[in-house]
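Encoded as structure tokens, the following chain is the form predicted alone, with no partner shown.
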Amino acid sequence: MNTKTSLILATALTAVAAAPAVAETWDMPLAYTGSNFHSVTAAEFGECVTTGTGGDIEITTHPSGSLFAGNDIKRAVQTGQALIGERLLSAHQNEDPIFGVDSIPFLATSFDQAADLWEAAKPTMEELLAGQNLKLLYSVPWPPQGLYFKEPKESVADMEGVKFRSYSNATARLAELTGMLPVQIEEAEISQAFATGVADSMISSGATGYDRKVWESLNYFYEVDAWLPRNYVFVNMDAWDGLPEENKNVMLGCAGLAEYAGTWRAKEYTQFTLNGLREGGMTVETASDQMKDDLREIGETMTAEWLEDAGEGGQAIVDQFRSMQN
């Protein structure tokens, strides 16, 4: 990591301009805890920008939904209430199916595959966001998604009637197809939701469970590697267009560093957090063959549905991704 990190950082800092008389403060709302690796990466990105612009732009992060709730972050940045923010990409699938490309079950199930899928989707994503007055800066994946439960499960049939934490169209649809009952719950509300019985299960990474100490309420984590959803960082386009070229270059350089560092953290965090779940008292194991088979069938259904909704643009992304796997 050190060599590449140094090169990106050097690129970011070559564009340092003289400190202006008045610095701009950019508040950056985040949905996740300050200790979450996405939030740590965002804070380092902010420091890089502040240093690289000679104090011209000072980015201050606000984790745990403290400035805007997760569902409100994207709209806040679009309208200029905040100039920069981070959000889960698939949380916006109800706006356009393309936003859910990273949550197609069992399409991209490893970090390498997730990187290929993002490469295939990024140009379309940038165009889509530009039409919403947003500039894409960088994106970092979560570790592979697994299933959390209070009681042991051997198959999809065992999931009937379980209250399931939903955070996107894809997770809500997964709940429907497995017979579970979707309940919309933001990441900041997970611990309380499980403690009070509002939900008894979820699909998420080991990182989320570890950060929220879900072993206090849940007992089982099944590794199914369903998908690797992504967070992304974006800027209000009007604010971006108003930046001098040298500050744009600094911000893009810092974004490249953040994407690399965040992805590295996600990989390192994967096994660390699974070990943490075990240490907390949870049973962590690979899903049964029956559960895997059941979930693959559901994945095929959801893939077909997504492709129908996403149309030619979505099909082109998937076709390009699949060609990269050969």
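Just so you know, these numbers come straight off a predicted model, no measurement behind them. In this text, residue numbers run from 1 along the sequence as written.
The form predicted in complex with pyroglutamic acid (PCA) is left out here; the points below concern that form.
Partner proximity in the model of the complex, defined as non-hydrogen atoms within 4.5 angstroms of pyroglutamic acid (PCA), places exactly one of 121-129, 71-79, 139-147, 243-251 at the interface: 139-147. Not one of T41, Y232 and Y260 is positioned with any heavy atom within 4.5 Å of pyroglutamic acid (PCA) in the model of the complex. Checked against pyroglutamic acid (PCA) in the model of the complex, the candidates N236, S204, N169, T178 yield a single residue with a heavy atom inside 4.5 Å, and that residue is S204.
Pyroglutamic acid (PCA) in the model of the complex comes within 4.5 Å of a heavy atom belonging to L88. Pyroglutamic acid (PCA) is not drawn, but in the model of the complex it has no heavy atom within 4.5 Å of D200.
Pyroglutamic acid (PCA) is not drawn, but in the model of the complex it has a heavy atom within 4.5 Å of Y32. The shortest heavy atom separation between Q93 and pyroglutamic acid (PCA) in the model of the complex exceeds 4.5 Å.
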